[in-house]
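Encoded as structure tokens, the following chain is the form predicted on its own, with no partner shown.
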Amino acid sequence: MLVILMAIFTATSGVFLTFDNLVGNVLMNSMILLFVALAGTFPILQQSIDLSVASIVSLSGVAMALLVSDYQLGMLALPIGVLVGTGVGLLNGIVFAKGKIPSFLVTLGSLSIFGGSALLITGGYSVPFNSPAIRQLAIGHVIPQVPNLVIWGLVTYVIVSLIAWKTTFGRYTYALGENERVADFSGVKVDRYKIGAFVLSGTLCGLAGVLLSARITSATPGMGSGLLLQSIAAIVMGGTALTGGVGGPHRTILGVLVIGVLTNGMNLLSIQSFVQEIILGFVVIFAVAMSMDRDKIDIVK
């Protein structure tokens, strides 16, 4: 699908297949989605789901912006903002694993809690801050013509892929998605790895919130809106089935690039934003239908 889209937009726009557009627009604008999609991949690999990813992005970004603007913490605010994401991810995981509550319901509730908390602490207003050093972390160029945000995203992608491939946590994540009962009988500490997936998800969303705030030197309670649908679409289109155990973060980037190319191409063709939302919705349904393993439909959570 990615190759087909690139061929179509190359034929219809003379700007699309240029270095500046591919790196400065497609990749740059896809990196926040990449963080969030990587975050959502691990719970889905375990046959769970994290619906609170967008709210965690907003809450982490708002926390970081407030610490910079109101408390003058400077760079120290960045790791604290990421830790906010880690903390709420831990809460999600504990309630889900120890409370034996379906992840869908837990994160649907926490989506509202985290979003409401961001609204409460900001009063519904944006939180601007003035810190050129923090902004350079996102839009600066350590490598000429390649924004730092792109480097952050690609480095994180490699690290997360290695976690999935080379670590015990990654192997057990796949095992839980394939058959949780067998993994339990084999002595795997199921709850520990379930919680770990949500901690990792929260951490990556916290990183996304911090870098998004750094890029725009501001944060708003709704800055993560739209990322939930797009991240699930990217995960599924990348090849990670909602039935778990198949795919992984190394493939999620393909779905992210499909959405990035599709959005960029539609912008170049001046397609209305409302129409873009409709097209994206159809793409999601198509991708889910193509990836669903119907033999496992009875155990979808």
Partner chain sequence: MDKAFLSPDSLKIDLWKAFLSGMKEAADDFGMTGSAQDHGGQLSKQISQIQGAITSGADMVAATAPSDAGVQSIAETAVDGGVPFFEYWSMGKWLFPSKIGPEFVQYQIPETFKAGAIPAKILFEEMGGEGNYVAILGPKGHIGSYRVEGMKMAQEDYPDITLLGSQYSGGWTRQKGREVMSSFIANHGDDIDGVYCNNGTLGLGAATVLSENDMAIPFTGFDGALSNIEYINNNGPDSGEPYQVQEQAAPPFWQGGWAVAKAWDWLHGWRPSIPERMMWTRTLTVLNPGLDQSKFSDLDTTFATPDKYNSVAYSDGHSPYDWKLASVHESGEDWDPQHALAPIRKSEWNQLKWDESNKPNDLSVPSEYDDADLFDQVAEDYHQRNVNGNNPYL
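Quick caveat, the model's predicted, so the values are computed rather than measured. Rigid core here is just the name for the largest C-alpha set that superposes within 1.5 Å across the two forms. Residue numbers count along the first chain shown, from 1.
Although not depicted, the form predicted in complex with the partner chain is the subject of the following passage.
- Although the partner is absent here, T168 sits far enough away that none of its heavy atoms falls within 4.5 Å of the partner chain in the model of the complex.
- Among heavy atoms of V15, some come within 4.5 Å of the partner chain in the model of the complex.
- The partner chain in the model of the complex is approached by L212, whose closest heavy atom lies within 4.5 angstroms of it.
- In the model of the complex, L91 stays away from the partner chain, with no heavy atom inside 4.5 Å.
- Residues placing heavy atoms within 4.5 Å of the partner chain in the model of the complex fall in a single listed stretch, namely 264 to 272, out of 239 to 247, 35 to 43, 52 to 60, 264 to 272.
- Contact with the partner chain in the model of the complex, defined as a heavy atom within 4.5 Å, holds for exactly one of S117, S161, N148, S218, namely S218.
- For the options P102, P128, G74, G109, the one in contact with the partner chain in the model of the complex, meaning a heavy atom within 4.5 Å, is P128.
- Taken together, Q47, K98 and T156 are entirely out of contact with the partner chain in the model of the complex: none brings a heavy atom within 4.5 Å.
- Residues of 25 to 43 that come within 4.5 Å of the partner chain in the model of the complex, judged by any heavy atom, are N25, N29 in sequence order.
- With the core held fixed, I278 shows a CA shift of 2 Å or greater between the shown form and the other one.
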